[in-house]
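So this first bit is one chain, no partners, the form predicted alone, shown in structure tokens.
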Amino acid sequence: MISIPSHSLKPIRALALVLALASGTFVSADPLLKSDAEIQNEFRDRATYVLDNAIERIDPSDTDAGGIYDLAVALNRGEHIDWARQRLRSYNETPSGSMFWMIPMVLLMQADGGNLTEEDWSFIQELWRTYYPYRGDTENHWLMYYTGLYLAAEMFPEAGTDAWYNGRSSAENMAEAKEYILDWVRITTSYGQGEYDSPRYIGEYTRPMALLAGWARDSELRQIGRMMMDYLILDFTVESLEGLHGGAQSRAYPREILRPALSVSMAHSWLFFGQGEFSPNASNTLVALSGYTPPPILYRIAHDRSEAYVHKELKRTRWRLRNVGADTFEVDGKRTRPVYKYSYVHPDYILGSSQGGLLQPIQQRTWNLIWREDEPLDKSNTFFALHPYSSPKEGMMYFPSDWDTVTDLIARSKADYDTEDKLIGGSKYEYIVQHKSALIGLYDIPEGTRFPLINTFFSRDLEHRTEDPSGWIFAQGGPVYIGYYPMAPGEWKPVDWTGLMAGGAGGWFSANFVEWSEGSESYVSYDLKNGYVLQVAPVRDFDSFEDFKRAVRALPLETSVEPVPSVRFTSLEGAELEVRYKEPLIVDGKAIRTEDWMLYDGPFARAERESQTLDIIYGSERYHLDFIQRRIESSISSEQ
């Protein structure tokens, strides 16, 4: 057998890919050598399976069960029509859900397959006249609201002010909705999303964009829908590992924090790329009905983890209302702050981070480590730490409420926000830096701060956890070795030491929490000047766990907490890292300037900030999105 060095594989695959693309008939079991036609056919097979499964789950004898997505599939397929017409009425006896009602209702209207009668249409039109959906208060809410409103109005273009709940004509509704959608696209492709990289809310963005791609009669919005679908999928794909969504994130919940595979991202990855396991998902149902097909280049990027790489991104915070800070900038009269994301994507794991601070209200994941598992649905394959910050100052920064009530209002829907054992959230006293497989966290927490502690999550699925005399805590997570050096002593506690989440913090928010968390522990440190060093390495690089521990113990490491926390550390890659609290990271004597970062900067994606373009790259392939010209260009370059 001829042995091919790993560094030679990508050029060989690229050459084979060019031949495959030229012939159009190439077929291969290797995902990286599949032809465009094969990739697209397999995607359509999975989309068909999604719809077949939806039909199988319908009980046509029960008109009190089934959601609007089920109705849409049944009508589109021409199956269980009597059930669908009856269920349409029983479901909408008292409409609710606002934009979460609008999106599936528009799907049903657009994809009905001609199976709705005039009576049905009269019923639907009356719903749009009498039910007044709330527009919401988040980025995904507004996008779903305006997309739903536009597409509904587009179906009745001549309808006047008496036909709509808001007293505006179809033309007026379409004009306002289109203006918002195009403005959101411009801001997103210039400065990044405010609700960035959410493993759950990715579906709240792919649903409206797939609706536009599949059914918008306006050619500009139809093209925008397709291009933004490509954009959103790429955004997830470059920080994914076999469907797991890595890197710093916003808008995450306990379910996907503790079990990363239990996410919409993972469900999407099965549909788009055949990774992971199938699970019924409303967003996948909508995409499957829409006819949208992702470009094959995204499939190849998702499957190629032959080499480790650094990927950097620029996102932004949600619009800040008050307490905006000197580090913010203005867009169209609104203030926001840059979010600098750094991810090290390895064939066995992803270590990803942002700089810390209050970047996303309530549900910020400043950094985390995930690793590959053969059966990820059953695994808590993650490692992270945070300061569980809670303050009206953060609430007033992002919400239009007052100091005395804002924390209580937040905790009514996000029950864990004001608790010391929460597993998600940003802190103004947290500062994170990363270089490849090494990460450093520093904290300078003032006296009197609510919840003055550092909470580090140690999963039940970690093996060989060892508190070493050197001060390092060692463990193994699947194919990854972990070295964690706390700068101050701590104590071990159950993950839910206050009992809030296990006791039932509110329906879907904490359901099955004990199942997700039991057996995991938190390392809790109460020193106000504090920090840690994390060093990660693949098991494959060492002869044994003892060999890894010896290597990490031998690394030069100096820590101090006065006058502020600081670290000097030489990583396993040999990089000399030096950092003081809230000062730039110095790597091998050179300060890292995050203010120069691009919107996307990695081997698979590049985009300049404010460019409204994106270059998607795989080997010799180029896929260019130009949101100014509304144009997609594909090419194969002769340069390697």
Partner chain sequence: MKSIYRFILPLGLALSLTSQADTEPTLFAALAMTKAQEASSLPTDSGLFIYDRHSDSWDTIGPEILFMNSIAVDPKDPDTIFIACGNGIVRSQDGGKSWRQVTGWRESDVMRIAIDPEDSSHIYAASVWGVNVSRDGGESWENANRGLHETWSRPIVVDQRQTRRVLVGTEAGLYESKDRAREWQRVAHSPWVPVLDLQRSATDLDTWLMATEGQGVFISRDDGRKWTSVVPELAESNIYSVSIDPADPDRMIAGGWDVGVWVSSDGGKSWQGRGEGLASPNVTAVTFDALGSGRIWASTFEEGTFYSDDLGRSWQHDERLDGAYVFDLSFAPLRR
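All of these numbers come straight from a predicted model, not from anything done at the bench. Residue numbers count along the first chain shown, from 1.
What comes next is about the form predicted together with its partner chain, which is not displayed.
Contact with its partner chain in the predicted bound form, judged as any non-hydrogen atom within 4.5 angstroms, is confined among 555-563, 160-168, 495-503, 204-212 to 160-168. Although the partner is absent from this view, residue 117 stays clear of its partner chain in the predicted bound form, with no non-hydrogen atom inside 4.5 angstroms.
Using a 4.5 Å cutoff between non-hydrogen atoms, residue 305 does not count as a contact of its partner chain in the predicted bound form. Taking the partner from elsewhere, residue 404 is found to have a heavy atom lying within 4.5 Å of its partner chain in the predicted bound form. Taking the partner from elsewhere, residue 145 is found to have a heavy atom lying within 4.5 Å of its partner chain in the predicted bound form.
Contact check at 4.5 Å (heavy atoms) against its partner chain in the predicted bound form: all three of 176, 179 and 409 pass. Only one of 519, 489, 280, 400 lies close to its partner chain in the predicted bound form, with a heavy atom inside 4.5 Å, and it is 400. Residue in contact with its partner chain in the predicted bound form (any heavy atom within 4.5 Å), chosen from 324, 475, 109, 88: 324. Contact annotation for 432-446: no residue has a non-hydrogen atom within 4.5 angstroms of its partner chain in the predicted bound form.
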